[in-house]
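What follows is a single chain, given as structure tokens, in the form predicted on its own.
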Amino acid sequence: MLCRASGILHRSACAVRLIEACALMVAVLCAVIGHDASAQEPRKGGILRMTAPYGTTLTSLDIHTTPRAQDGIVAKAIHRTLYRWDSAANSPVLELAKDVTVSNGGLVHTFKLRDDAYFHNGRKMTADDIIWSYTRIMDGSKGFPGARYIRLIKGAVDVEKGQAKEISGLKKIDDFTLEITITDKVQPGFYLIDDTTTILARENVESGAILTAPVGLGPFKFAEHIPGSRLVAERWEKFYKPGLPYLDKVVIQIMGEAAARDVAFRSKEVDISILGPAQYVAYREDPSLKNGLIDVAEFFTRSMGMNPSFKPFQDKRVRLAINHAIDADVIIKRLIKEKAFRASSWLPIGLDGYDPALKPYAFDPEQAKKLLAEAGYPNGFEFEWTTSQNESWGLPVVEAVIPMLAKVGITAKPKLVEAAVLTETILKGDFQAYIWSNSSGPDPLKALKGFHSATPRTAGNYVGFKNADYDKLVEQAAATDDAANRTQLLKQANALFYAEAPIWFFNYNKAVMAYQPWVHGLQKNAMELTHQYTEYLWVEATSPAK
């Protein structure tokens, strides 16, 4: 949808910034495949060298077990989900199905599956593979992150609770026809697109081979993984899209340090690389690099989550005090180098339910002190803040916030962990506070359902949020057929979540990627810019990679 704030003509600087942000959102969401206007014929062959920038390792080659964006980079090359994201249309589209018919008031979706999709072991995919994959994800003893999406299917929660062995809402009509009954009147593509809902080959999983040599349905088949260094995937000749992929090989270089990525890119050792704040400033001012940048306002909300099991965070006044004690605008301007938009709620700009009338919490240390005193903490308190090294939302941000909190009497002690460990820590609830970057779109209902009291931590409710009024609003939004009414209900739920402040609302991410002049086919994926559908990428013969 287009940003609703684009027609607001207030004179305040805040409103102007909001209008500018919305204009950018409108521009970048009109994504087209390719980075230039030339009508070059895609070249067959060559190697693309990507970076995996979000840590020094991959969490697991079993994509069902990990929600990290780092692992999703690999998934886009090797695996496939029932739907994929179309950056040009700004919507999910069918991927592993050719057609879908909808009946029973929007609750029953009958998919005509592709009959030309082959796993990399040579076996054809059927409806059984989708049923098995979704059922595996709902194993309640495993806590798979994709459960938050599969829960949409009727009977999935029964499997999660151990009350059933089969998901009643999955019905095989024949090998290539699958009926899925869902519980809410929503577009299932927003749910069945996430990498954690990937369709896997049962034999690859049950043999344990997936951990060292994953078998997928994607355009590239696994070739090599050197932990902490790189993953290599080669063209799958039986990929179901005629003529694709173009590339012979994709090499994913694991490079968590921004300085290392910078050196590698400038020396032409990598072809595309995500930029951190410092690099963004340097590249956009460098005449030799500034024309090789693409950016997109991603559907991600950065925040500090507060664990309600830690006594001070049980009090709403304490959570509000933290939001008032931090000067987020200064951090975004000076540290993040304006490579972000200030968060004024959970839902990012451009989504139904986002309300431009909501204003960010004002930087007001005196109000913060007052709230802390009212909550019984006149001298403040101390807490442990778990973070990774990430330069855009990790340790550097924590270090900038610590003195701000100290001025109101709160002592924050950072606990630095590797990115993969951070994910595991959050899913287990083993923290007092954390800072992370979470997907908050593109479907607002899906994003807000993540905080429903019935949603477990492993399925998205990382802060254990519980509010009966909030639950009711989300449930009503899921049940209504009226789009306008749904938007209003989502707006109310979003505002209530903001008012309860279970997190410190930091920013919405602006992702920036640098590419070499010989690279073509990049997509402005607002879901996650590093998640490129690699079958569309190609390189000119001038590429130095051989």
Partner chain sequence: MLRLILKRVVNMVPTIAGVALVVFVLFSVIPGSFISSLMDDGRGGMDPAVVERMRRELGLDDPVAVRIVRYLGQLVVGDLGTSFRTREPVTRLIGQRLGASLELTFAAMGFAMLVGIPLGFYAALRPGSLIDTAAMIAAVSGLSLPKFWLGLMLMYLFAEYLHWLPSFGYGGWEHLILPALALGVSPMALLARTTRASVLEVINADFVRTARSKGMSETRVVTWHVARNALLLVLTTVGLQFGALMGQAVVVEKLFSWPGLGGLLVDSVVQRDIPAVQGGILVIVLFFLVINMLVDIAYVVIDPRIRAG
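Positions refer to the first chain, counted from 1. In this text, rigid core is short for the largest set of C-alphas that superpose within 1.5 Å between two forms. Keep in mind it's a predicted model, so treat the numbers as computed, not measured.
Absent from the display: the form predicted in complex with the partner chain. The rest refers to it.
Remark: none of the three candidate residues (Gln40, Asn90 and Pro517) comes within 4.5 Å of the partner chain in the predicted bound form, counting heavy atoms only. Interface membership of Met513, defined by any non-hydrogen atom within 4.5 Å of the partner chain in the predicted bound form, is ruled out. The closest heavy atom approach of Ala278 to the partner chain in the predicted bound form falls outside 4.5 Å. Residue contact check for Arg266: one or more of its heavy atoms lie within 4.5 Å of the partner chain in the predicted bound form. Taking the partner from the other structure, the partner chain in the predicted bound form has a heavy atom within 4.5 Å of a heavy atom of Arg68. Heavy atoms within 4.5 Å of the partner chain in the predicted bound form belong, among the stretches 177 to 185, 105 to 113, 198 to 206, 141 to 149, to residues of 141 to 149. Scanning Leu416, Ile173, Ala357, Ala259 against the partner chain in the predicted bound form with a 4.5 Å heavy atom cut-off leaves one residue, Ala259. Interface residue among Tyr470, Phe431, Tyr462, Phe239, judged by heavy atoms within 4.5 Å of the partner chain in the predicted bound form: Tyr462. If you take 55 to 93 and check each residue for a heavy atom within 4.5 Å of the partner chain in the predicted bound form, you get Gly55, Thr56, Thr57, Leu58, Thr59, Ser60, Thr65, Pro67, Arg68, Ala69, in sequence order.
If you fit the rigid core between this form and the one not shown, you'll see the Cα of Arg457 move by 2 angstroms or more.
Relative to the superposed core, Leu427 undergoes a Cα shift of 2 Å or more between this form and the one not shown.
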